[in-house]
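What follows is one chain in structure tokens, specifically the form predicted alone.
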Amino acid sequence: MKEIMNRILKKEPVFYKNPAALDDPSGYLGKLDIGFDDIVDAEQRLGRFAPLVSMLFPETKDGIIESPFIKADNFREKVYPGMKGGLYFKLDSHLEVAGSIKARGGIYEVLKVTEDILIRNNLLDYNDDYSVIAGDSIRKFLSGFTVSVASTGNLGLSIGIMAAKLGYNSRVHMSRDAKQWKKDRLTAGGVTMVEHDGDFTYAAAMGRREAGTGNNIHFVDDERSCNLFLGYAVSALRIKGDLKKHGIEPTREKPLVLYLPCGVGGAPGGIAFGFKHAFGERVKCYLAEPVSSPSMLLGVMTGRFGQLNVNDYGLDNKTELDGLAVASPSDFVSPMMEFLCDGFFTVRDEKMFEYLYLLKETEGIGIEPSAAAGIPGPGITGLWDRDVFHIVWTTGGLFVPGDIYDKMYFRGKRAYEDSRD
């Protein structure tokens, strides 16, 4: 552990195989306050809201926001020649409405809060057609409530856009890492932005403080929200159709292996939680973080969990991978990852631009740099020569403006060409 810590402090890429990870997590999962029934309940709630989502966002398929699942043979040949097992991408980078993985948790939480408010005030029944929520009377009622969130960008987009669409006063506390194009998209969607000259942890503290000033303010807490967590966990139920379509039947000997970019931890933690429930010993989960912001890795490795701050270790938390620029991990999720995450690895920014370029060249898929963090997983974990089902989870990029994407693409192209010299 001392050697790994020294490399972390030098901002060198590392792999930490989690010694506490459980091969059979069922006993541990059974002791938690939330479980498989809660995931099923979340999926059913999303089904009730589907008519409303379809009305508000016609680009969605029947009001169900779900992402493509592809087999990436061309990319596999280019990056991992000789790899055993198949290489697949779960493209949450291409989720409708928000264009990122945050569409899962963020939109679910807004919908869950909306259902709670309306049922509590006798304006909705579970048996209703939820498209009635789009009516003027309910929108006027919801305008008396505020939904707020702190974000480096993508979570703010998912929550801000959905909340504003429903009629809420929608506020997003943006950290210094947020990209300007994400701020512009929020403003265009009728969302109020509160900009902070601090990182995500600071913006979250400010948002939490503001929420304490009024009874009608709901703060979506990325560090502590069970609703966000369950929204992400639903992915484990939905992927079964993808696996069947591709003829994938995981076993203990030939498991699914997920490579998940990690910021504060809600999204990858929720996905790991869902998959461990749905697949048990037939899935392994690995979390990826920037070398300058390995908060989840350090939190679990040291046992400090949510009390950990990377700045205390001389790391600056500055990275081009803006969605992953988090100094402290979720104090709700990180203790679970001690037992549910099979390992952690860190990545350098420039390499992510290379992968961004190569993914576009080989598969025609555009992502943002932070979404590439899981790509080196098979190599850095040493699992590339194992006959398993490798699943890289990409997390954002659908709505990156063309001129900005072109700059990232050519930066990646130059980095790749330089690395080949």
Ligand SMILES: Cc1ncc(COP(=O)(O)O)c(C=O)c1O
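Everything numeric in this text was worked out from a predicted model, so none of it was measured. All residue numbers are counted from 1 along the displayed sequence.
What comes next is about the form predicted in complex with the ligand, which does not appear here.
Comparing 203-211, 249-257, 339-347, 149-157 against the ligand in the predicted complex, the single stretch with non-hydrogen atoms within 4.5 angstroms of it is 149-157. Within this chain, G231 is remote from the site of the ligand in the predicted complex, having no heavy atom within 4.5 Å. Remark: V172 does not count among the residues lining the ligand in the predicted complex, judged by a heavy atom distance of 4.5 Å or less. At a distance threshold of 4.5 angstroms between non-hydrogen atoms, G299 is out of contact with the ligand in the predicted complex. The ligand in the predicted complex is not approached by G106, whose heavy atoms all lie more than 4.5 angstroms from it. Although the ligand is not shown here, in the predicted complex the stretch 381-404 places heavy atoms of T395, G396 within 4.5 Å of it, in sequence order.
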